[in-house]
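So this first bit is one chain, no partners, the form predicted on its own, shown in structure tokens.
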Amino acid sequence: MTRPLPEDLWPDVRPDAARRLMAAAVESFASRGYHATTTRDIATAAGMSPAALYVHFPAKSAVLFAISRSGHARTLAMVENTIAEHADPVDAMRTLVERFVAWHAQRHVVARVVQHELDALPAQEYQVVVDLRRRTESLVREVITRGAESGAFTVPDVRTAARAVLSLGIDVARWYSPASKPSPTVLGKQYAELVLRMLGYTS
């Protein structure tokens, strides 16, 4: 499995230099940790001078925020689009988990950094990301609620079930690597079947 290119990870970010800095920051944060990484480390890895970073980001925390906000926003959009495509809650949940798990496997380094370094964000930026996470969880709860109301799902607590669904997908980033098997797509399908069983669905 080839590692995603910066333009694939952050297609909405301009210019290309900003994406290169974000990619370099991900690698540095992943190998050193956020607090041990300096702006010089990031700029050097991106092939730029240390001063060049400040043209695009006012501080190291701004780079982390850009990485985290983009990842969470794109995940939220994926969940929204998936739900809009499927009126049936079972189909919606199956496709949602397939895509969510594959996304975290394909972008495991970025996802790992985002999850591990969330608390390093300044308070205001942290709240922005937390809001995106809450909106994503709320949508997953809605799908589970519809499934429970239709009799397709049987869960003791919808909120707990939604968090379990999301946690399973997020945890993929912890252990997945380019050498892992199966592929992100196949893994997503396997996780989708596991989640449906967890939610009490029987075909």
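None of these values were measured; they are calculated from a predicted model. Numbers for residues come from their place in the sequence shown, where the first is 1.
Below, we turn to the form predicted in complex with a further copy of the same chain, even though it does not appear here.
Put simply, D171 is close to a further copy of the same chain in the model of the complex: some heavy atom of it is within 4.5 Å. a further copy of the same chain is not shown here, and in the model of the complex it never comes within 4.5 Å of any heavy atom of A148. Within 4.5 Å of some heavy atom of a further copy of the same chain in the model of the complex lies at least one heavy atom of R32.
The shortest heavy atom separation between L194 and a further copy of the same chain in the model of the complex is within 4.5 Å. The candidate spot formed by A17, S68 and E142 lies out of contact with a further copy of the same chain in the model of the complex, as no residue has a heavy atom within 4.5 Å of it. With the partner removed from view, the residue among A164, A62, A45, V55 that has a non-hydrogen atom within 4.5 Å of a further copy of the same chain in the model of the complex turns out to be A164. Taking a further copy of the same chain as it sits in the model of the complex, the stretch 188-203 comes within 4.5 angstroms of it through a non-hydrogen atom at Q190, Y191, L194, R197, M198, L199, G200.
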